[in-house]
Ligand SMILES: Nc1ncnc2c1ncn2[C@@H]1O[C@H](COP(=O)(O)OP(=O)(O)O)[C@@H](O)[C@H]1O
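Okay, here we've got a single chain as structure tokens, the form predicted alone, with questions on binding and movement later.
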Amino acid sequence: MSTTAVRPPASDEETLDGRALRARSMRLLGSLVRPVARAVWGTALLVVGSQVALVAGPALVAYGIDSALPALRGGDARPLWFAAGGYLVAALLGGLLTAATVRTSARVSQSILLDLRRRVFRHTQRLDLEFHERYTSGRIISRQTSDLDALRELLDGGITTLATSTLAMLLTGVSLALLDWRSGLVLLVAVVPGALVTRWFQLRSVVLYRASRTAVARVIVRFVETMTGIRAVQAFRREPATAATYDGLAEDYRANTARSIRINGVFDSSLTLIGNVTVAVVLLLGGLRVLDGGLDVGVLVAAVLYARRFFAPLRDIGMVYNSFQSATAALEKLAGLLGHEPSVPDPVHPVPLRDVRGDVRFDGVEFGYGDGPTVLPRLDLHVPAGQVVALVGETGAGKSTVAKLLARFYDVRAGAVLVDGIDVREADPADLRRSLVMVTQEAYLFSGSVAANIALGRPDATREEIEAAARAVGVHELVASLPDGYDTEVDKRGGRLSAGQRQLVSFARAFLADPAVLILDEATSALDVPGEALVQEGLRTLLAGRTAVVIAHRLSTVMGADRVLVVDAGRVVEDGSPAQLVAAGGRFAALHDEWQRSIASS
């Protein structure tokens, strides 16, 4: 028998250094880009073609003014037709290529985002309970919403804008230098304050953007946690306090956003000023040279056009930097989430479970959660096929831990949990889930119809089979009385149904799945007396003819078991039938006496 130890949870993204984070992020990005690599190269070629076409415009204007117009006065119209036609073709080609760039880059970005969104959902779904109990739902939602939105902002236009702007500046500068090196020198000098302003903006904006990302994540987490626990909030009249906390977080987000807007305003105004001054200097110096006959008028016009279009890309580069920083942080968090390895891995060579009888054995099992203390010091337990075993004991005694190990929500530190002699760590996961079903006190119902919730374990079940399962556990009349019968939509978590009704629906779900082994973890703990009567009737039908492990505080549920185990500190201290344990006068007998007194006094 294997004795695989539970691996500690993978390190979260906050525990890695910057180099490791970047390396992991780049690996993730590379895996996302590889499937669309051809489209990426095609987009790059479209960017180059569109910028070459657009940068040719001012040069054609210079040719038209300085060469085509004089030729026209001499009776030769061909140069003017060439200049005008070339300018029109360049403008049309630049526009078409730019439109094609937008379409192609959008397809690429959406393909990448779809791939990433699917990966995050599927990976998060397959992670074990240890991860989900440690990683708050608000953080997971933040990964699926704000972090993916940050990547979307960059991919939908940021990368294309960055490439287009950088290439536009390079081609504009080179074209102006080739056309008139003196005007190019003016542009080169103007680049210095432009670059300084851009760097100033980047250094300040990155701090504000990170603060904004943190602020919005806190807002999302607080909102999700409050809405998830809204019953407790309202029950304890915590609405004002939670609203005040949320208001403070929202105010932090607003203040950070306002500071970012102010920084953007200063940056945009500064670049506009530098650009206008540069154009004025080029026009002034060029105009003086035109008057002296040292510069053609067409070249001056082209120089002014080049100077005007040089600083707009620089502004775009500065703005994209914010998106880049935000997307980088988001990618690191997503890579961290995807880097978590399940502490309950699928077997490399799964063993099929066929015709499961339901013989369960805990063989020298030792277990503790994560790196925490040992919860089960050593458990040896045999549950023969078809036997109903009830576990009782104080809260924290280890009853639910036994159930979770049998369901393989966790793996043991030592020993083995066996079903029909097969270690659950080696069993085929699909077969294990079909053969073993766990029903908890929460009785979670998903949005959808009652029929769909009953058929959760067997989506291919017919309506007749669904109704038969409902009849078997005594919930058919209830469902039939609903507005749309089995097609009635349940609210979030089944809010339209009472606790007892939801539990009966979950029993019908388990009955339809027809597992060989059934685990009931406090399945009747939250029921009132009428609800308990209904559930107890359904429970008898559900347990008939199958192996069952029942965890319950209510002795009305326990007394119908074939065998009772009293658990204390992870050890079985009493073992026998309910009648034997009552007669023995131990802990179970004391619980039974207390139960009888409560019945007599009610």
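Residue indices: 1-based, along the sequence shown. Because the structure is a prediction, the values reported are computed rather than measured.
Just so you know, the form predicted in complex with the named molecule exists too; it's not on screen, but the next bit is about it.
Can Phe82 be called a contact residue for the named molecule in the predicted complex at 4.5 Å between heavy atoms? Result no; Phe82 lies far from the named molecule in the predicted complex.
Under a 4.5 Å heavy atom criterion, is Lys404 part of the interface with the named molecule in the predicted complex? Result yes; Lys404 sits at the interface with the named molecule in the predicted complex.
Heavy atom of Gly398 within 4.5 Å of the named molecule in the predicted complex: Contact with the named molecule, yes.
Phe201 near the named molecule in the predicted complex, any heavy atom under 4.5 Å? No, Phe201 stays farther than 4.5 Å from the named molecule in the predicted complex.
Which of 404-412, 507-515, 98-106, 260-268 sits within 4.5 Å of the named molecule in the predicted complex, heavy atom basis: Only one stretch qualifies here: 404-412.
Does the trio Asp128, Asp346 and Phe362 actually contact the named molecule in the predicted complex, every residue with a heavy atom within 4.5 Å? No, the candidate spot makes no contact with the named molecule.
The named molecule isn't shown here, but in the predicted complex which of Val388, Leu337, Val375, Leu116 has a heavy atom within 4.5 Å of it? Of the listed residues, the single hit is Val375.
Counting any non-hydrogen atom inside 4.5 Å, which residue from Tyr253, Tyr87, Tyr369, Phe223 sits next to the named molecule in the predicted complex? Spelling it out, the residue with a heavy atom inside the cut-off is Tyr369.
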